[in-house]
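Given next, in structure tokens, is a single chain: the form predicted on its own.
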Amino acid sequence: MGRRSFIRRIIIALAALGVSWFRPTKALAGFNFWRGSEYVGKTREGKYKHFYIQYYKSFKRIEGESWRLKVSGACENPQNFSLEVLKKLPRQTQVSRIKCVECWSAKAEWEGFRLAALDAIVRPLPDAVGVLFRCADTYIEYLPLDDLHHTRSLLVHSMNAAPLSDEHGFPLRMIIPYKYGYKSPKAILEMEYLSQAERGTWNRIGPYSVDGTILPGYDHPLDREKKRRKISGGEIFD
């Protein structure tokens, strides 16, 4: 490359950088920091603009074949489960919406299994009152058994008739649609039955309630162009 050609390319590159500096929204419209990397993290760009991705911290993508769900604590038969084994548990499907404390929501069809199917194998002890979830992004969440056994609560391995993507919680996540999204842990690594309640990550460091039930107020659904609507609290049914 000649000297003049090199200088010309440098000038063009600097001009493009200047445009992106003054017009950041347009320049970053299709940007996804994690695309093509071996890590997963928060993003709202591209195809995720209709279902935001929220994680506590970035983490390395999970290898499904080697992943095992560790189930321990106050149970008679603690075990490690492969994804293949979990997918053989009785399947349930439901359409439900995740509602974030940031006021947006997004809907999908979820497929997975009820906690009762797992209980039948590991057999929780009589003094077990809830489960502590540990996730790949170092996030932890505690949920009482009453909530986990609710008819709308589901341990999910598929979304919209396809396996969960890394971004949406592969290989396993929790869905509790009548609670805010921070009560639905994803990219789960461990489930520990506890005989005493604990606080989750956001309850320890943030201003979020321990219960997490959706309150009356307003919702801005991403699949409806964020058009504001009033909600009465609890699960949002369309």
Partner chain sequence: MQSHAILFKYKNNHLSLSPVCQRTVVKAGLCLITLALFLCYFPYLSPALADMLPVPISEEMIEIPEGPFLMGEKAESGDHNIVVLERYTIDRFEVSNAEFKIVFPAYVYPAGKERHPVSFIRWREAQGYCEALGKRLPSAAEWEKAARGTDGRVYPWGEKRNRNKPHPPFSGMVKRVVGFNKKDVSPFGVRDMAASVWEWTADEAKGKKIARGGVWNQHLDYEYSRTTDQIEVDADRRYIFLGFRCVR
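The shown structure was predicted, so the numbers you read here are calculated from the model rather than taken from an experiment. Positions refer to the first chain, counted from 1.
The following text describes the form predicted in complex with the partner chain, which does not appear among the structures shown.
Choose from 203 to 211, 58 to 66, 185 to 193, 166 to 174 the stretch whose residues reach within 4.5 Å of the partner chain in the predicted bound form, heavy atoms counted.
Of the options, only 203 to 211 has residues within 4.5 Å of the partner.
Is every one of 103, 231 and 234 in contact with the partner chain in the predicted bound form, taking contact as a heavy atom within 4.5 Å?
Per the other structure, all of 103, 231 and 234 touch the partner chain.
Please check if residue 180 has a heavy atom lying within 4.5 Å of any heavy atom of the partner chain in the predicted bound form.
Flag for residue 180 set to yes.
Is residue 224 close to the partner chain in the predicted bound form, meaning a heavy atom pair under 4.5 Å apart or at it?
No, residue 224 sits far enough from the partner chain in the predicted bound form that none of its heavy atoms falls within 4.5 Å.
If you look in the predicted bound form, which residues in 210 to 228 sit within 4.5 Å of the partner chain (heavy atoms)?
Sequence-ordered list: 211, 213, 214, 215, 216, 217, 218, 220, 228.
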